[in-house]
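Only one chain is shown below, in structure tokens, and it's the form predicted on its own.
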């Protein structure tokens, strides 16, 4: 079988984001037949504006990155009990026009980490609701909700907690199988 190409999107623009570290940790434990590339240009996206007739270059790049991936893993923090604005903006750009959205039926995995006790659960719930619009199959289990992230990652963003590593390994195996289920070419 061909390898599964995954695209990771961190819901924070911070270079030291724990959710970016979470994506790196997932990439380290994926099955051998899968790879993860972390998208690093989300901050280049302009505010969504449906009056624009043509996509600006950062939007075209974003849509092409999604289209070339077999599945998308979103690692998001929770801002004000919901999805960070930068994440929602990226999704809004990628869903237009609806009929040709690269998110349409794209397999999605949603994970998140937070210093708080909720571990981004409300943001993840809202993302699941958003992806109903694109008919994107979102993996349900295992859920990756990482509370008290400062106890699981060191200051350099390295995962130090073995039970979390095992959860991420189980997520990776499940997500690769999920992608193969919905993307028959891989």
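All figures in this text were calculated on a predicted structure; none of them were measured in a lab. Positions refer to the first chain, counted from 1.
This protein has a second form, the form predicted together with a small molecule, left out of what is shown; the following refers to that one.
Legend entry - Check all three, 14, 116 and 122, heavy atom within 4.5 Å of the small molecule in the predicted complex: All of them do, each having a heavy atom within 4.5 Å of the partner.
Inset, instruction - Find out whether any non-hydrogen atom of residue 77 is located within 4.5 angstroms of the small molecule in the predicted complex, and reply yes or no. - result: Yes, contact at 4.5 Å.
Inset, instruction - Using the partner position in the predicted complex, report whether residue 18 sits within 4.5 Å of the small molecule, counting heavy atoms only. - result: Although the small molecule is absent here, residue 18 would touch it in the predicted complex, with heavy atoms inside 4.5 Å.
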